[in-house]
Ligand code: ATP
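Taking the form predicted alone, here's one chain by itself in structure tokens.
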Amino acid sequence: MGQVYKIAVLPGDGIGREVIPEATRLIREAILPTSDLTLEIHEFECGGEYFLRTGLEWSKEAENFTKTKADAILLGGIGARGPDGTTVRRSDGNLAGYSVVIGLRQELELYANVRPVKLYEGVPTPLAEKGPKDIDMVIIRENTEGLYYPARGRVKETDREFAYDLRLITAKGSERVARYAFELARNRMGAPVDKVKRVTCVDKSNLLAGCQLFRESFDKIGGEYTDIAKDYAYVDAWTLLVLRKPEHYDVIVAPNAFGDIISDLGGALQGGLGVAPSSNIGNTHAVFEPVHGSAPDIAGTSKANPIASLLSTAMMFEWIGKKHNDETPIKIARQLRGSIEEVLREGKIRTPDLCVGKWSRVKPSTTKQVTDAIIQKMAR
């Protein structure tokens, strides 16, 4: 028997408890019976709903296994509403589940948040006259520093109240995420418009000192990659440029908060968060999760789109294969993506979020029906 890969599965809250089980069902029904891959799936509860019941964000067993034994982590959306309809929070004001989402990024040094922005055939985009041939980029955001670094607070004085969020940007953090971006570009096909392998630094270095350090670090690392074109844009200008000419972009790298914002714009370009996967990558660990979060407003309705979670699963297999020099998981990732692409291209089986535009007359499918269709393609 070959390598045994241990996967920590954390469905989380809301629709995470619907789409992540679909991903594990696909693994059990379509992958394990037809491949030589050996997986152990270890599933644990976590997040706001678990916090409401137990007062904990996850169990000690879940935390220990996820941090020390798992080869990869598949995570659903985090965020729950309490009986009064408000968001469930810890006593310190942070979202219940903070130690799972942000804690894993910090403790496992998952420094690169990777957001593929690819428009598939059969998926609507809000951009007129743009199609799948025009939109195929990856947004990389620094994932452990910036505005999301836990250096914040509120002060209430007699005559005033204020809050502060300190932005921490280091040369080390900036250089390692820049290197990740250039390495990724080296292994891609280049920008859709001209096939040039290009990394675009998106920042606000005309004003902010942290961004000036980030750009200096980008240039330092970029000097080692003479085969990759360097490109630059201020974050406010980039939001305009990408709408006008998305085909210019190949790999984009940005500080944490700016990267978070522009990657949601990318999600809109690719047809919505229901088809937007992501990963959080470190040197030895990685978390894979759909972008859409817990979406409590549609939880339990069978309307959730499982494709983002399935594409995240494909990213997980590809990462495992590359890390362990194992072609089998890489082949599985290709097969899974191909099956997803075929279902989307046919346009017959799709959740309500994709039944718009030229597909507005298509009868919406359930979460399970979409996964069933993809499983059938993989079996064939």
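Given the structure is predicted, the values throughout are model-derived calculations rather than measurements. Residues carry their position along the shown sequence, with the first being 1.
Beyond what is shown, the protein has a form predicted together with the named molecule; the following relates to that form.
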Only hit among Pro132, Gly222, Pro124, Gly293 for heavy atom within 4.5 Å of the named molecule in the predicted complex is Gly293
Between Glu157, Asp227, Asp92, Asp297, only one gets a heavy atom within 4.5 angstroms of the named molecule in the predicted complex; which residue is that?
Asp297
Would you check whether the named molecule, in the predicted complex, lies within 4.5 angstroms of a non-hydrogen atom from each of Arg141, Val235 and Asp260?
no
Is Leu75 close enough to touch the named molecule in the predicted complex, meaning at least one heavy atom pair within 4.5 Å?
no
Considering only heavy atoms, tell me if Lys303 and the named molecule come within 4.5 Å of each other in the predicted complex.
yes
Taking the shortest heavy atom distance, is Glu341 within 4.5 Å of the named molecule in the predicted complex?
no
Applying a 4.5 Å heavy atom distance criterion, does Glu63 contact the named molecule in the predicted complex?
no
In the predicted complex, which of 269-277, 240-248, 143-151, 102-110 comes within 4.5 Å of the named molecule (heavy atoms)?
269-277
Interface residues of 3-20 toward the named molecule, as seen in the predicted complex [heavy atoms, 4.5 Å]
Ile15
